[in-house]
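Only one chain is shown below, in structure tokens, and it's the form predicted on its own.
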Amino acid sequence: MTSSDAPLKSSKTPANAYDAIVIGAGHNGLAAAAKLGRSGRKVLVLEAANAPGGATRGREFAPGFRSAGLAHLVNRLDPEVARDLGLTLTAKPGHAMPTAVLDGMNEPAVLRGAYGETIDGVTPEEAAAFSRLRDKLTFQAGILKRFLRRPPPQLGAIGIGDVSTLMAAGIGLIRKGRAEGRDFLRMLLMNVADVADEYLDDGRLNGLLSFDATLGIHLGPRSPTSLLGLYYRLTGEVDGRAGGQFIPEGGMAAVAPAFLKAAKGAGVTVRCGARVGRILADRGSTRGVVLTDGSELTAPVVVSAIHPQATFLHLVDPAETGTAFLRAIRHVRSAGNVAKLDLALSRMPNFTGLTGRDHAGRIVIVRSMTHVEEAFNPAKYGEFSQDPVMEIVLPSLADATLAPDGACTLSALVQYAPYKLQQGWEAGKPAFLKIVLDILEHHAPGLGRTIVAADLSTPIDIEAEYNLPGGHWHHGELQADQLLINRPTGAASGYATPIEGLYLASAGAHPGGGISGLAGWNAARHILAGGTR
């Protein structure tokens, strides 16, 4: 499709005809719809659930207690996306959200500012070593960040924009000097454990880097290329500071409404409770969708902001794509490894060694890099960790509406919890929940007596709740062979697909997951620029 072929500003069209239909009202779907709507197109978003938001959609998990969804903090919202769409997601005024690392033996190591600009609870020598490593990693992540705001380069069709991005990255390295350039190339595909060991002696800091590099990914810190996960984490920024994190004003429950407001402000129509049954395609071109109730809606552009496997294995006629493409889609690795725990508590917990204000930050329970590696080992064989690592936030401290007066909610991302558990999650869930609660009790004595309700979502539960094949919130592994020109597969890596007019815009497309809005925003810009592969 050329830019002249793409539908321009809408003239009079039938009620069931649109310029573009977006499947999925997660934040990426809404970002894509808002960008397309701002160009004057008539855009419809279809959401199967009864409310928008996707994985940021909240729910009541116990009477009077609400979860804000899978995500419990923001660390990758792209500032250009936010500016362009007019998103009203801002950090609460005051101190940046800290990260406290608890090992159960020493006082907490508390990283303040944007990913540890200062650190409490470690020696001055260790703090200085972490600062040197942090500066190196954020610089290198900044080089990679240049490739996130545009479609990945297509082999055999390198454009002027690709050349410009490559040149800018090269110039950035040259300005740092030859030694820094060599170090970047040396480290790029290393494992995070070896890099951390070069700089750090404190197990808590090694453990934190290992945890952040592997959260949501089927890797351990000693797995080759695991440093890429940490780079990905550090491409995020808050107020221009790399590696920052925040909970927006109004809590995480403000995320979905912000994207929804941007879409509706652009004239987009959003229909919830409208499940797509089939994407209409004929001889390699799309012409709209059919809902499960039989309603047919037409559009020359269909944007799928749901998992690529859900798109091509359930909504598209296999004859339209071919067996080789479908084989590649089926083999996208998308088995989740993280469980989400929501606790309803009668009062705020008290984690040993933490000040009151630091309870409002991010809490990571990890002893060392070895702790993360040993937690990962059972997952390779279909077993959950007997000694898991986890990230904790107390969401009701930022949004009091999530719990009754005086009560509190706790949200934890716990790994490793493999999707394909050998014993099955029906049998395994109670045992895993007990392990997690015992660990929390160890670090916050008395917490167990305050539990009103506990809701553990395994990858199986996440799959069912959010229509995420494999229960993987990134819609596919963030590993070297499933990034850039291979995300989700080579034949659909630049948002366009083998079906003309059908585009991908979920976390399963470039550049991947996290609340950034980039996959949807990039896809819409690609469509507006002409939409060819």
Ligand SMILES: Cc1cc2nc3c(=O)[nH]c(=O)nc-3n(C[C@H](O)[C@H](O)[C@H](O)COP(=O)(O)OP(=O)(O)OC[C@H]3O[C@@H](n4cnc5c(N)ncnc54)[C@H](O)[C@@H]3O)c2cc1C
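Everything numeric here is computed off the predicted structure, so don't read it as measured data. Heads up: residue numbers just count along the shown sequence, starting at 1.
Beyond the structure shown, there is the form predicted together with the named molecule, which is absent from this document and is the topic of what follows.
Asker: Taking 4.5 Å between heavy atoms as the contact cutoff, choose which of 192, 208, 111, 338 touches the named molecule in the predicted bound form.
Answerer: Comparing distances to the named molecule in the predicted bound form, the residue within 4.5 Å is 338.
Asker: Let me know the one among 62, 49, 491, 484 whose heavy atoms come within 4.5 Å of the named molecule in the predicted bound form, would you?
Answerer: If I apply the 4.5 Å criterion carefully, the residue I get is 49.
Asker: Are all three of 96, 229 and 522 close to the named molecule in the predicted bound form, meaning a heavy atom of each within 4.5 Å?
Answerer: No.
Asker: Consider residue 35 of the chain shown here, and say whether it contacts the named molecule in the predicted bound form, taking contact as heavy atoms within 4.5 Å.
Answerer: No.
Asker: Can any non-hydrogen atom of residue 467 be found within 4.5 angstroms of the named molecule in the predicted bound form?
Answerer: It does: once the named molecule is placed as it appears in the predicted bound form, residue 467 has a heavy atom within 4.5 Å of it.
Asker: Applying a 4.5 Å heavy atom distance criterion, does residue 515 contact the named molecule in the predicted bound form?
Answerer: Flag for residue 515 set to yes.
Asker: Applying a 4.5 Å heavy atom distance criterion, does residue 75 contact the named molecule in the predicted bound form?
Answerer: Contact check for residue 75: yes, within 4.5 Å of the named molecule in the predicted bound form.
Asker: What stretch, of 234-242, 349-357, 298-306, 260-268, brings heavy atoms to within 4.5 Å of the named molecule in the predicted bound form?
Answerer: So the stretch in question is 298-306.
Asker: Where, within 50-70, is there a heavy atom within 4.5 Å of the named molecule in the predicted bound form? Residue list please.
Answerer: In sequence order, 53, 54, 55, 70 come within 4.5 Å of the partner.
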